[in-house]
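Here we start with a single chain on its own, the form predicted on its own, put down as structure tokens.
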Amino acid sequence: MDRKLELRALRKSFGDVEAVKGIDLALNRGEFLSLLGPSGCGKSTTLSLIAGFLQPDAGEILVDGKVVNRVSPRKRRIGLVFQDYAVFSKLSVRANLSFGLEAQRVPRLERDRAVAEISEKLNLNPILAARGGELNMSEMQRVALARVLVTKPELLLLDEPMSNLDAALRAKLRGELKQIQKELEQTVLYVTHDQVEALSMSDRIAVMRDGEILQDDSTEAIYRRPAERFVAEFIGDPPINMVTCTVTAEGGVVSVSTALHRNLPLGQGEIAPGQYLLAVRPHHFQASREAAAGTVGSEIRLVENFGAEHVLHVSYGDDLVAVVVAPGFAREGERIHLALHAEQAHLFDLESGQVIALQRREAAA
């Protein structure tokens, strides 16, 4: 049966540095959850606590409802692939893949079948006879991942398992890993700093910063309804635009004015007038060649070519904002006209970074 993982008020410090600050997290059976955050935020420490390589200072780790704080790593029956993975250098790739199955006393025919299946999925057939010490970094990482997957662990912990792979192989393995997880109905906790990996594979994402989980939600909600400024800025490529704005509220209707746009209605709510941050994704500015109602003129300072789309960096008061357009739409130095889809923007408190909740006719995107 698949495992269920639960963390309750988990804490871990190293000297004066509090790496994990009382986090709570529940991972349901068969779920793929990504723990996403920048380097040093505490996500790998959290994984080491779950695996049993570190002991928490406080809090509980539960697997299938049982506290495992004092259970040895070997007896937690957890599959692990860490960033500093290790491949047995003197064994062939085939022997590396068979190692865990042999330890589980799996019959030889069944072992061979399992190794053949995982080798096919992760494109390891050409190197099965090679020794671990002869592999390049990309091959070693795939072997380390396959060696764990072949044992079909019920709970799988992955710490940046694709960090040494090139972009094309990462894209391929994302699909393969998600497919394997679904086929085996595995419960997966995936640690990464890469938002593309988290968004493309996860059922849920927990965004972490400075030892705390800021938001734990579906991938859709993390992108469309960020609860904090940090979450909004960390998720999305190109990154979200943050512009200062002035808020007014009359008759329950909240409106904002920016350096270029005036009196844009955001929604309804109780909010004190004053200065706030308006977060607008580059796809939610609309650029046009001609002036129209609701547009303002501005100059293009830079054009980034991403092939299928271009990103314009446009003057916006004292700032620059990124705007996504079709290739060839405009060139550097030209003037365009911008409309801002305020109903899809987010409002954040300047000091706390917390989102301001508003009632809207349409859900924010």
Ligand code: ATP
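In this text, residue numbers run from 1 along the sequence as written. This is a predicted model, so every value here is computed, not measured.
If you look for the form predicted in complex with the ligand, you will not find it shown, but the lines that follow are about it.
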item	value
Interface stretch in the predicted bound form with the ligand - options 34 to 42, 323 to 331, 302 to 310, 65 to 73, non-hydrogen atom within 4.5 Å	34 to 42
Any non-hydrogen atom of Ala345 within 4.5 angstroms of the ligand in the predicted bound form	no
Any non-hydrogen atom of Val17 within 4.5 angstroms of the ligand in the predicted bound form	yes
In the predicted bound form, Glu154 touching the ligand (heavy atom, 4.5 Å)	no
The ligand contact at Glu139 in the predicted bound form, heavy atom, 4.5 Å	no
